[in-house]
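One chain comes next, on its own, written as structure tokens: the form predicted alone.
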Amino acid sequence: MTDIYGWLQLAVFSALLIVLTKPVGLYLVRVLDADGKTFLDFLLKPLERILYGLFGIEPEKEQDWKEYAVSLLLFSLAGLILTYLILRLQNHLPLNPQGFGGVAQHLAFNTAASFTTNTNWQSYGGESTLSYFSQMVALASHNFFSAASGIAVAAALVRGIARQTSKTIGNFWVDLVRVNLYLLIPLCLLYAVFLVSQGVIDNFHPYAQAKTVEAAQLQHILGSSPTAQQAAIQDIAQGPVASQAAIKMLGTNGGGFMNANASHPYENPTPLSNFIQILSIFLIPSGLTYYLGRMVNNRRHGWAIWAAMFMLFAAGATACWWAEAAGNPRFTALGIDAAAGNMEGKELRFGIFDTALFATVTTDASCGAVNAMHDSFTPLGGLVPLFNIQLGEVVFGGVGAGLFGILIFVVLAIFLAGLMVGRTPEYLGKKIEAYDVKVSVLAVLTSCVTILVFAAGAAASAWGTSSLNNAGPHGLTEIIYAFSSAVGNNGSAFAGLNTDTVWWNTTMGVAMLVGRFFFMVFVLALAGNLAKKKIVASHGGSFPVAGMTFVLLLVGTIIIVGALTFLPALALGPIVEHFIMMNSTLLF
């Protein structure tokens, strides 16, 4: 924590995030307004019209919340089925220079569900399992579609808040087209070029082979046997990496082309690429808070939401950094210099701070990309990313998902404030009634209950514990983290847990679908109900939705819900493990 460069980088990161929030938010206003004008219109407007005609979309025809939800679910189902088929049949499809076979049924289902839901959990090694065609068509395309779907649902909820006496909340198909066409694709083209300039590969070459430095020693020991010859050769993965890395970060998807994800030098080669990747994860979620303020004609409210998110982010980042910088006393007992902190599972080129910042941001934002192995963090260092996910990943959150997730908590916070002062709660001139509170509570309960029920089932079953490499509290944390990551649509893993089994792949696939689409349907139901209401002028009894009082109430609501729900599980996992680590003299 005495690392001045760490503090300086945190300050630069925070400053850039603030500076970029407004321009990104203003651009989102134009993109998400069907009649909005952008500087890309001269190039993309004709293509937009062609796409509408090709798919029979009527851009002027809006949908109510049920029609919007049905469109979302049907589109996602079609994508899930297509992805499943591509993975199963990849050995018969082009761009497969390594000759990989078809993916097993349970793994294909898990992967299809994972990328459809913007989770991007990977029960496989990307470069050793999937062809270039599968990576590009089945997975990278979902990175665009799932990200656009999240932004579309957030826009629908904001419209529901901003409109009055309206039966519609927009058109899902128009939102999907415009977000991809005017936002994600142009940004990713520029981003991919930047990544290539930093050394990220992007090609269709077959895997290269290199003779290892240990080759001579192995041949001396083993002779010229096939075993020695095989051990002397290292396969170096190739492929279209930069194009997928760009959207995995901007779309808060997180699924890596390589198994090692952003810790692999082909995905994240330099300190600059590492910093920009971290910043890009928060870029669109941060801009959406300004979009909210602009759309509801209350910019101070948008900034208040941003402040609540940033407060939680800063607390998590500094806590994780402190825990990892403090190191592991067991290493100290072995004579390892404690000044370096806990470097287990981390890249030396990134160090403690960059690793802690990346881990905090990626779990705040339901991204799931990692530049280190979270399983190797200290117990309290690993608790931070786990708790970030369990908060609902509303700390900036995934693209779209973070905004509509925190707006659910805004409704609950205002309802609680109304109870405390004995007045009917109001939000931006609209009364918060029983229906609004019910769907908000159901959305939160869906995530919490799904995580705990599936984790309890795995912890109490042979299929769950047989995949663990660690017993005791750390093993329990691995199970809880896996289902928290699945339901929260994060995708990062604690590792140390083999999930490539029929039971794990199936249960996690179901958990991902429930965590994504049940929550979204409740959000759209809330949007539809709010859109019908009249907006009344603010008065003395209206609760202010800007200022420090509101920010603290919102932060408190988020933490209390997370703490009350998951504290017992966290106490049995990382907290117990921390006390064991600090007090045990046993060395393993």
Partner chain sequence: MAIKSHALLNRDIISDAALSSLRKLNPRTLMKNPVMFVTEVGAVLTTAGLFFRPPTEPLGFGVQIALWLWFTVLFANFAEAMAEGRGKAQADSLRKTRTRTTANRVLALGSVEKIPAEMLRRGDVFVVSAGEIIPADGDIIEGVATVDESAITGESAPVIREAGGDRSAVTGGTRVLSDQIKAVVTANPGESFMDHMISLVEGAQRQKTPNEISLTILLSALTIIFLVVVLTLKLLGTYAGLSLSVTVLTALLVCLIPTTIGGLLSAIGIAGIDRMVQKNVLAMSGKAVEAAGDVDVLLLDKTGTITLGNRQATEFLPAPGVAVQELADAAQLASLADETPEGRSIVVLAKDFGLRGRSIAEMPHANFIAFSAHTRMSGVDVDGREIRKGAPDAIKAFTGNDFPPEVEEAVDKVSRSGGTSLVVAERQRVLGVVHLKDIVKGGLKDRFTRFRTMGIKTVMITGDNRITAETIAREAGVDDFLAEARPEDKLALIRKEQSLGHLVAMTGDGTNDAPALAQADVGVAMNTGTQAAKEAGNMVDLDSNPTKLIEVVEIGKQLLITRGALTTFSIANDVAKYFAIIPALLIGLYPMIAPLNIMKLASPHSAILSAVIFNALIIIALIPLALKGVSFRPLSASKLLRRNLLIYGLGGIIVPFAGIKLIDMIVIWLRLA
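Numbering follows the first chain given and starts at 1. Keep in mind the model is a prediction, meaning the values are calculated, not measured.
The same protein also exists as the form predicted together with the partner chain; that form is not shown, yet it is the one meant from here on.
Residue contact check for residue 568: one or more of its heavy atoms lie within 4.5 Å of the partner chain in the predicted complex. A residue is said to contact a partner when one of its heavy atoms sits within 4.5 Å of a partner heavy atom; residue 102 fails this definition for the partner chain in the predicted complex, lying far away. Residue 235 falls outside the set of residues with a heavy atom inside 4.5 Å of the partner chain in the predicted complex. In the predicted complex, the partner chain sits within 4.5 Å of a heavy atom belonging to residue 560. Only one segment in the set 414-422, 130-138, 322-330, 261-269 has any non-hydrogen atom within 4.5 angstroms of the partner chain in the predicted complex, and it is 414-422. Interface residue among 311, 77, 279, 456, judged by heavy atoms within 4.5 Å of the partner chain in the predicted complex: 456. 460 is the sole member of 348, 460, 334, 81 with a non-hydrogen atom within 4.5 Å of the partner chain in the predicted complex. In the predicted complex, the residues of 545-580 lying within 4.5 Å of the partner chain by at least one heavy atom are, in order, 549, 553, 560, 563, 564, 565, 567, 568, 569, 571, 572, 575, 576, 579, 580.
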